[in-house]
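This document opens with one chain alone, in structure tokens, the form predicted on its own.
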Amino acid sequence: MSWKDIPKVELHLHHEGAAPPAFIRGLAQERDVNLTGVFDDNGNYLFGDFAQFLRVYEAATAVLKSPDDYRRLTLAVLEESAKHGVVYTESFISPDFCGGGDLGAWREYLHAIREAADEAERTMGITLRGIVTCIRHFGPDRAKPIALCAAETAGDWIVGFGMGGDETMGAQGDFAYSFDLAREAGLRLTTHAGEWGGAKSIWQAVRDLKVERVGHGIQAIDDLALVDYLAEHEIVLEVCPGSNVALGAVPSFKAHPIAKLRERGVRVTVSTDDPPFFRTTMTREFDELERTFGWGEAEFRELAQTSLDAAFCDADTRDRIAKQLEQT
């Protein structure tokens, strides 16, 4: 038995950020869109730091202009994930990019995404659920219509609400209105914190937004009282080691705090974030964890179960995925 045989559960995946470069280049050629500066000579996404990554991300995303583009994108993303043993994934999807925050347009995009997800589940054996996200650097006022889009489409498929974007802009609490709106609609909550904003941004996330999961969260290691708080309150970290290394949030896998956090009782999960940008896959993430920390079958089975326990899906979906995990 190898960890390669263990089905994987991924909780932190940006829908557009998972777009294969060839897919984006193909769309750009269809529309005669100039993407100079987005790709290197080998056809990979090109960026040097986090700020440039955000600019390249938004430039690449700009070629996605219709619900059918998102249908095609969804199939391409899920096909890639399924190749690496992912059986369940939650993807961050923003109405900012899917209809400009207009509820009617968002419904059309969502229908196209769900149609593709249903096809992928039938043909590839991978289940997708959506987490609506507002964009932090677009500001708290812009987040309010996004939260409304989330609330109006909450249910068995849109299962959560969260926030991505530039962590250095504003404070988590600035977005409390939008998170309260989503919570009242029955959505479960996550937010990016503690990749760039320090341990204080994680405290803000859990106290001001009352999230049950934190995207990244690795800077918690700088505040052991926070580490103990996360462990005691079973707040789950959506850790993306390859992303953290690629962007320079940590210098190497060896320096990554995921193992220390886990040893102190924090519930950690592993995801790829924006995999083609960081030239990673779930296979590569697991391979690096095995090589760096000596994790084996027991650790990866625990990781899969922790991830499934933390998933925002309904009980029926969770039970079905649990049976897939038990079959290996």
Ligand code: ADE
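Small disclaimer: the values here were computed from a predicted structure and weren't measured. In this text, residue numbers run from 1 along the sequence as written.
What comes next is about the form predicted in complex with this ligand, which does not appear here.
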Would F53 sit within 4.5 Å of this ligand in the predicted complex, counting heavy atoms only?
yes
Spell out, yes or no, whether the shortest heavy atom distance between L247 and this ligand in the predicted complex is within 4.5 Å.
yes
In the predicted complex, does G165 have a heavy atom within 4.5 Å of this ligand?
yes
Is the gap between D274 and this ligand in the predicted complex 4.5 Å or less for some heavy atom pair?
yes
Can all three of K8, H256 and F286 be found with a heavy atom no more than 4.5 Å from this ligand in the predicted complex?
no
154-162, 102-110, 77-85, 188-196: which one contacts this ligand in the predicted complex at 4.5 Å, heavy atom to heavy atom?
188-196
What is the one choice in Q172, Q219, S178, S243 with a heavy atom within 4.5 Å of this ligand in the predicted complex?
S243
